[in-house]
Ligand SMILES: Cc1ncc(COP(=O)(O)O)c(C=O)c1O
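Take a look at this single chain, the form predicted alone, given in structure tokens.
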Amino acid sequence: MTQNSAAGILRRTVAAMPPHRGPQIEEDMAGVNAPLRRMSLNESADPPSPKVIAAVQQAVAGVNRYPDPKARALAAAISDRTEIPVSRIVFGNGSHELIMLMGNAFMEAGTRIVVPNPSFQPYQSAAKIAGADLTIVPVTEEGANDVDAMLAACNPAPRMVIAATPNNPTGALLSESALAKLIAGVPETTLLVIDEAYFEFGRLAGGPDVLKALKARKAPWLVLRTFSKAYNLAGLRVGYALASHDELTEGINRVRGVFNVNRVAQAAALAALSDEPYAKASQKKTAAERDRLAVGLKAMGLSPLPSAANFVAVKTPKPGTEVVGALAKQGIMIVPVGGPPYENHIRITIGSAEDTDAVLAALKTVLR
């Protein structure tokens, strides 16, 4: 360490991680002379419900006060829907924060975590920061978590197994039989985490009822969900975890910030739950546009992966980073899937009908 360097102050696990690079947003697109289309972050193209907007406006007047640290009103509403006791519900600044809190609460050096790949990158980040060992299991050819391979990796029993359905960035669901096999096969001493960030889209596509399936498991489990996707609240960051045991939520509460979900976000999420017709209409519109995008990609001779989420992943004849860069010049923001064997895959978030038309037209030019 040089005299003026702070590098040596970092934890070894943090220093070993790659430099932080946030996702591309409009401010990164300076110099692009085209309408900007943000199809990269799996957000909703629709605004939130009018009830949400009214609740936000009302809540803003009270931001001189700290929020409820337990989000009790929101917890009660979710408990009514899920039949999970309030004591086994915990909130985060998006499910991303909950994943990092899980790392702090449950992982440490000498423990092991099994995760799918490609999947949501914070699973790996949380393990690396905690100094835990990672076992990375490739997804199936269709993009679903490979349950047989994940269970094979559970000998000896790891501290945690994380599965995602639908899986991001590939989009595939776990089948009912695969989910049941996972739940039955993960060792009783292992914490099973099922990430349902795209839960509402998965159910709309006919996916299994994860909470119902988990009733067969007496060993510890967590389910992660969020308001960012299906409830159009990505900018307010409200995620929540449903737990099998009070000890799990208590563990997360011990390491989370007291006021980690702000007052406006809590009010917005509660209002979003009160307008289910609006949310379902938005979800159905997104699913229809997703299917239209997939049809358009197939008409170009491409083979999109089956998706039950609000995005589509597809393999192209060119490296994904090259395609992403070419589309960015036309104002269209998407992301590469990356990593073998997905170096040529891109992921496209579902936007408006105009966004779909634009990305299909741009891809025809780029891939010509």
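Model, not experiment: these values are computed from the prediction. So that there is no doubt, residue numbering starts at 1 and follows the sequence shown.
There is also a form predicted in complex with the named molecule; it is not shown, and the following applies to it.
Looking at residue 198, you'd find a heavy atom of it within 4.5 angstroms of the named molecule in the model of the complex. Using a 4.5 angstroms limit between non-hydrogen atoms, residue 286 is distant from the named molecule in the model of the complex.
Although the partner is absent here, residue 99 is a contact residue: one of its heavy atoms lies within 4.5 angstroms of the named molecule in the model of the complex.
Using a 4.5 angstroms limit between non-hydrogen atoms, residue 263 is distant from the named molecule in the model of the complex. Between the options 120, 221, 106, 278, the residue in contact with the named molecule in the model of the complex by a heavy atom within 4.5 angstroms is 120. For the residues 244, 190, 282, 228, the 4.5 Å heavy atom test against the named molecule in the model of the complex is passed only by 228. Shown alone, this chain has one stretch from 74-82, 263-271, 127-135, 228-236 that lies within 4.5 Å of the named molecule in the model of the complex by heavy atoms: 228-236. Contact annotation for 64-95: residues with any non-hydrogen atom within 4.5 angstroms of the named molecule in the model of the complex are 94, 95, listed in sequence order.
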